[in-house]
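Below you will find one chain, with nothing else, as structure tokens; this is the form predicted on its own, and questions on how it binds or moves follow later.
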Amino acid sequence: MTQTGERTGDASEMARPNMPPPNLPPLSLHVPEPRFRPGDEADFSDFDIPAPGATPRPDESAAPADMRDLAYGLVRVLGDDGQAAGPWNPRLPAETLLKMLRAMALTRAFDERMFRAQRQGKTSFYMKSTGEEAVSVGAAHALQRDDMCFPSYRQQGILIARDWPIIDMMNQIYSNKGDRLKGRQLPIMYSAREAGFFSISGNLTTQYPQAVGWAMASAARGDTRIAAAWCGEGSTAEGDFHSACTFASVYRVPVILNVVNNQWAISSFSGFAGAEATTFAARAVGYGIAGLRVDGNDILAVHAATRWAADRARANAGPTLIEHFTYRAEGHSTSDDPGAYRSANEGSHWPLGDPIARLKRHCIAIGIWDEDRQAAMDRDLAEMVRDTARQAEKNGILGHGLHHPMESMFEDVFEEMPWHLKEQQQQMLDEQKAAGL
């Protein structure tokens, strides 16, 4: 040190900023790109699809660290020959198999009728679940009736599998005078507490922390009911997803967190949500919870995985994250044109097939069903949905004017309406009367 307190040395060396090593290449940003675009020929021949039975089935109480590989594999039960095999085979009775087959077929018939209604201008909006019916129907049959479901907007199969009246669903879609929600929700955002079906929200993934909170309350009360939530793979980028996983992990919450990886969000492929780097089931690994990756077009695999996760939750062994590997066969909604961003033949080349066709093939293979009965069932369901739609349309459709009294906008917010809302309601009614409305 000098007398002035300064450091000795080469002043130019001290003043020189940190310089990068020479000859480094410039940085580049990776932008994910889907495998196929409009005009491309889809080819999934390089997919690694394990045979049914290749994935082991651990004990429901196994530690998450001991089952890490299940987040990267694929639980499958149904083979191409229609036979069920392996340790995940739930060995369901014939009655249950046929009930699930009917529920999936009814869900598809319902979707077709409501899609057509939107195209006819009878409602403003609709979202089909074509190709994903096994995800909701399989889970609904594996859960208890009083378990609470927190769905996204493509799980109408849960309500149908729980025998909820489809006329009630249609009334909600039309927002008509038969709509129990009084037109306060967008079409397809059902709410049916009696069916264990929590209100659907248009805001992505809000149902995840809601499901975790509901399940925490159930555990705190010493109840036996568990919760299950669903979201799309794109929604795993939302903060609510990660907040829910943190709480679920820390408190070992009795909840099943389902990620429906149908390969596409509204116009962007799953790579933008992280699919190029790893599986969505692998998100469970970082949180220290059980993770399963399941063939989402195999309803027996969906049922088995859901039952395993439900048994695990009821045994106080903690939550499970299930990735359902499936494919969105149709557009994201009636407002979407998938032909603008994906290969036109991509759906027909999807290697895991159609969930209804696969269960039908299984039922035929084991001798409890045949093609004639399938065709007759499809006709009967189509006619039933058509007749029910006609009944619902008598309650009103889009463009037929106001279906609910104006004063109803003040109702159902408080258990007892406070005085200031009563005054506002009366003021509105007085103004209506003065205007001759």
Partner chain sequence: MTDTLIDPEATAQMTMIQAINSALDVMMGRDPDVIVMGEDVGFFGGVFRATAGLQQKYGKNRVFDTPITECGIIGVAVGMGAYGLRPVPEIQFADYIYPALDQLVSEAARLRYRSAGEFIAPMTVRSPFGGGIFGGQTHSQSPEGIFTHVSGIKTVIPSTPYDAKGLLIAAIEDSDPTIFFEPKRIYNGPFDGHYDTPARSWAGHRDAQVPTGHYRIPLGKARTVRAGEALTILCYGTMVHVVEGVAAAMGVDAEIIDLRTLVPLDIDAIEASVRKTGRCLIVHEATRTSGFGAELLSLVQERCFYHLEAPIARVTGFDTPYPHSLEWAYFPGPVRIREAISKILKD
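Remember, it's a predicted structure, so these values are computed and weren't measured experimentally. Residue numbers count along the first chain shown, from 1.
In what follows, reference is made to the form predicted in complex with its partner chain, a form of this protein that is not presented.
With the partner removed from view, the residue among Asn89, Ser218, Ser333, Gln263 that has a non-hydrogen atom within 4.5 Å of its partner chain in the predicted complex turns out to be Ser218.
Note on contacts: among Arg162, Arg307, Arg225, Arg113, the single residue with a heavy atom within 4.5 Å of its partner chain in the predicted complex is Arg225. The three residues Ser175, Arg379 and Asn395 each lack any heavy atom within 4.5 Å of its partner chain in the predicted complex.
When contacts are judged by a 4.5 Å heavy atom cut-off, Pro418 counts as touching its partner chain in the predicted complex. Its partner chain in the predicted complex comes within 4.5 Å of no heavy atom belonging to Asp354.
Although the partner is absent here, Gly73 sits far enough away that none of its heavy atoms falls within 4.5 Å of its partner chain in the predicted complex.
Contact annotation: Leu24 falls outside 4.5 Å of its partner chain in the predicted complex, judged by heavy atom distances. Considering its partner chain in the predicted complex, the lone stretch of 25 to 33, 42 to 50, 383 to 391, 408 to 416 in range is 408 to 416 [heavy atom distance within 4.5 Å]. Residues of 244 to 266 placing a heavy atom within 4.5 Å of its partner chain in the predicted complex, in sequence order: Thr246, Phe247, Val250, Tyr251.
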